[in-house]
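Read the single chain below, which is given as structure tokens and is the form predicted on its own.
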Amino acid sequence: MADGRRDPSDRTGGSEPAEDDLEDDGKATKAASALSGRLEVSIAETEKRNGKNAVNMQETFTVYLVETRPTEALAEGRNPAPDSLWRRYSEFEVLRSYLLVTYPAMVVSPLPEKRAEFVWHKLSADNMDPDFVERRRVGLENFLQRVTSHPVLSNDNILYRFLTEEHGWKEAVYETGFQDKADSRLRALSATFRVRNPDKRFVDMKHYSDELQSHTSQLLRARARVADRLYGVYKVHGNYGRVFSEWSVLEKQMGDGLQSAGHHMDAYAASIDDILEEAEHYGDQLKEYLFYAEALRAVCRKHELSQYELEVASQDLVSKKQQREELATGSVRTFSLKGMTSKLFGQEAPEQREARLHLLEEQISEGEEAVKERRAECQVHVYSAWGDVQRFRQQKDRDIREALIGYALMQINMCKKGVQMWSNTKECFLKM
């Protein structure tokens, strides 16, 4: 069956797209009809289940309730009951793998982490922990909203079936043969490509993705260390609360003030749990872009592969044309086994020579067609990929800015609450 892709762009002329063309294409991309404009998608809840895995062993896993509503009905003021179905995390992995293979020029949104990373010591790394499952629910919902609002990915038929069909979508995705493409692509990409003329923009983008991953991982490690320190500082204030409460029993005049101060200290110590839970939300936003770095590299690797295949085809064509010229003129420019054979055993018969020339002409014709196809494929990938990279950059700048501002405001509010707590404690002391 068809894999649900839209027809690729037929703009293949020129060595690379102009910047103003890319800008115009970006505007057209934004104007494209995305699935999110027709369907509201959310993950409403999670559920823990037990079942047997592929090797018939009992396992516990989490499923996520995907709900969809037509936006047209919501716009008209109606609130119909949502269509819903349950999905496992592994099914999201299959969907994303399919999108990566089918749309190699697109920066495909990453999934949330399968197991917690960059955790501070009081945060559970158990993937069945309720808090972690809830954060992953939010991350999976964000993934669906990303792909359903993407100007290209959102129009994929398999994605629509993932959202709307309980059964059958997985068979449909496997019928596309994406696994075979993924395996062969993986083997090809594992090789070291010696590309002679890579597009400098993709070379720079690959370097940028490495730097993005490095900086975000360092930031997340620093945030985890700060969370550890903050947790300790806040919780140790509970000692103030205990001391003030015990001391208040001994004092008649100061007892009420000391006891009230102790209550403020206890509340301050307990407040860190909610503060750090909010901080995890901003941490997850940064983790998304930590994982986006690999999505960028995947696009760059596809460019390397396309360019490498073009260069190999071009070199093979040059070699075939050189052989034709040598055979036609009887001169050998470079050392070859065929040239040595001619010197040792004499020239081949005219009939053999004509047959070889005819074969070379056919191979050259096929080679020219192969180079044309490779060049067109490379140009389409460069054009499509660079346009989507520009879209990604705008999204990234906006999202990281909002996340960092939100984290800074959270810290400001935390400090204000600390000042308020000490102000209230001072009032308690003044009343003693």
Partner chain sequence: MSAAMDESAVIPHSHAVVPADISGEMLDLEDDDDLEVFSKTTSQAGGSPVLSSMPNSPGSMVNQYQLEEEGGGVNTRDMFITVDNPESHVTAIETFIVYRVLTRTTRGDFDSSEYEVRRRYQDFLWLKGTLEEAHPTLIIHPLPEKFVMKGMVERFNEDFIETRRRALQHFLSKTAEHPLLSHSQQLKVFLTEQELTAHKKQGPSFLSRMGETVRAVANSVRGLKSRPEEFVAMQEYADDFSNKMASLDKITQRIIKEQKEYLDELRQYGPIYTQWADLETELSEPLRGVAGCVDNCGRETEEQIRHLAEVLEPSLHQYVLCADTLKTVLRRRDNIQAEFEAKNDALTSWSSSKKVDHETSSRTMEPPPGSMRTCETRKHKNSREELKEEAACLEESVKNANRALRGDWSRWEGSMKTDLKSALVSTADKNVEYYEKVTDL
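Rigid core: the largest C-alpha set superposing within 1.5 Å between the two forms. Residue numbers count along the first chain shown, from 1. As the structure is a prediction and not an experimental result, all values here were calculated from the model.
This protein has a second form, the form predicted together with the partner chain, left out of what is shown; the following refers to that one.
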**Prompt:** Just one of 178, 132, 234, 143 has a heavy atom within 4.5 Å of the partner chain in the predicted complex. Which one?
**Reply:** 234
**Item:** Answer option from 111, 85, 224, 310, heavy atom within 4.5 Å of the partner chain in the predicted complex
**Value:** 224
**Message:** Can you confirm whether 161, 166 and 202, the three residues that make up this candidate site, all sit within 4.5 Å of the partner chain in the predicted complex, judged by heavy atoms?
**Reply:** no
**Item:** Interface membership of residue 397, the partner chain in the predicted complex, 4.5 Å heavy atom rule
**Value:** yes
**Request:** Give a yes/no on whether residue 317 approaches the partner chain to within 4.5 Å in the predicted complex, heavy atoms considered.
**Result:** no
**Prompt:** Is there any non-hydrogen atom of residue 349 lying within 4.5 Å of the partner chain in the predicted complex?
**Reply:** no
**Message:** Check residue 97 for me: does it contact the partner chain in the predicted complex (non-hydrogen atoms, 4.5 angstroms)?
**Reply:** no
**Item:** Segment assignment from 250 to 258, 355 to 363, 98 to 106, 170 to 178: heavy atom within 4.5 Å of the partner chain in the predicted complex
**Value:** 250 to 258
**Fill in**
Across 211 to 246, the residues having a non-hydrogen atom within 4.5 Å of the partner chain in the predicted complex turn out to be 211, 212, 215, 216, 218, 219, 222, 223, 224, 225, 226, 228, 229, 230, 231, 232, 233, 234, 235, 236, 237, 239, 240, 242, 243, 244, 246
**Prompt:** When the two forms are laid on each other by their rigid core, does residue 246 show a Cα shift of 2 Å or more between the shown form and the other one?
**Reply:** yes
